[in-house]
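Encoded as structure tokens, the following chain is the form predicted on its own, with no partner shown.
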Amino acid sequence: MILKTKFTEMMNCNLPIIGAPMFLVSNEDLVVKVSEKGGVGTTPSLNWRPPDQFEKALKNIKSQTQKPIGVNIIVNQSNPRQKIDLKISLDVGVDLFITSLGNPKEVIKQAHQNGAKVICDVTNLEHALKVQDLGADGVIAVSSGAGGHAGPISPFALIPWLKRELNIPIVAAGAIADGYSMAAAFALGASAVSIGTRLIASKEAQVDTAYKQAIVKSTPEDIILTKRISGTPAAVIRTPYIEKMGTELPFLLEQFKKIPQAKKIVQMFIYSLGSRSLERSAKGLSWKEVWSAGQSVGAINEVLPTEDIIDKLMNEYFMAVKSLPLKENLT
């Protein structure tokens, strides 16, 4: 199955689908399956600790597929591993870098020297224009409804806005879990889609069964934003623990974040605590359920193999396109 867009031409792949890099969810098998099916499988570098385990995982992935793969690197001062993870990724031969939460200048420079592409998470035009000027090959328009660090703007506003102002491909992210929302994203001006939450409920995702079932059973109304994970609003499934913990940072931490000299340390502290909570929950080791997910949970009603998920997406996409009113229907 082939669907050509600016993104597939840029990445030399068959389908304009990115398997989103999800903390603790994206593993070797999931990355390989998405890429082998025609999309681009990606993973956060921080899914493996220490760095030598990340290098081992990348080599294992590359040994199983010759198709393009990608790595997400957090280009923020809160991530002390960004330089070593970038070097490892370049040495192994990663094809695509997805940057988030910071300045991607160095990643763009080194990736291009290695023949790799870079696309950057953005939530507004200002940031999108900055990364385009830095040489980014594309942007991921992170809209409201996305899992993890969701943007505040509706995809119906954000994607056409970016499309009018940018010269590089746009990847849609946020509430896309079926072919109908995928078709809508392309109609708005996207060249690819980033699929995250749908792949949590996949056979390949090595997370606790309770997490997968929470994805299947939840509705869009069950998704709320909390600052307690990383210091910035992140979308998670509402659970009794989340409600008890609250969604805002404690007053003192919020005040310390406003002090320039303390901001970096506080941010790292919050991120560390949040990461531990996500890890415990994903592996089923704690009653403290912190499950990242987007509003697309409403379109997910079963756990499927990754290959079947992508087949279903594409079949629904073509059905959606065929069902659109054409000019022949005008009277």
Ligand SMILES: Cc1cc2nc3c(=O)[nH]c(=O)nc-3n(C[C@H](O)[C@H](O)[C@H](O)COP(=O)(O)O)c2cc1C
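Predicted model, so just to flag it, every value in this text is computed and none were measured. Residue positions are given as counts along the sequence shown, with the first one as 1.
The protein also exists as the form predicted together with the named molecule; that form is not presented, and the subsequent description refers to it.
Picking from 217-225, 81-89, 191-199, 107-115 the stretch near the named molecule in the model of the complex, with a 4.5 Å limit on heavy atoms, gives 191-199. With a 4.5 Å cutoff on heavy atoms, P44 counts as touching the named molecule in the model of the complex. Using a 4.5 angstroms threshold between heavy atoms, S100 counts as touching the named molecule in the model of the complex. Contact annotation: A175 falls within 4.5 Å of the named molecule in the model of the complex, judged by heavy atom distances. When contacts are judged by a 4.5 Å heavy atom cut-off, N72 counts as touching the named molecule in the model of the complex. Although the named molecule is not shown here, in the model of the complex the stretch 5-41 places heavy atoms of A20, P21, M22, F23, V25 within 4.5 Å of it, in sequence order.
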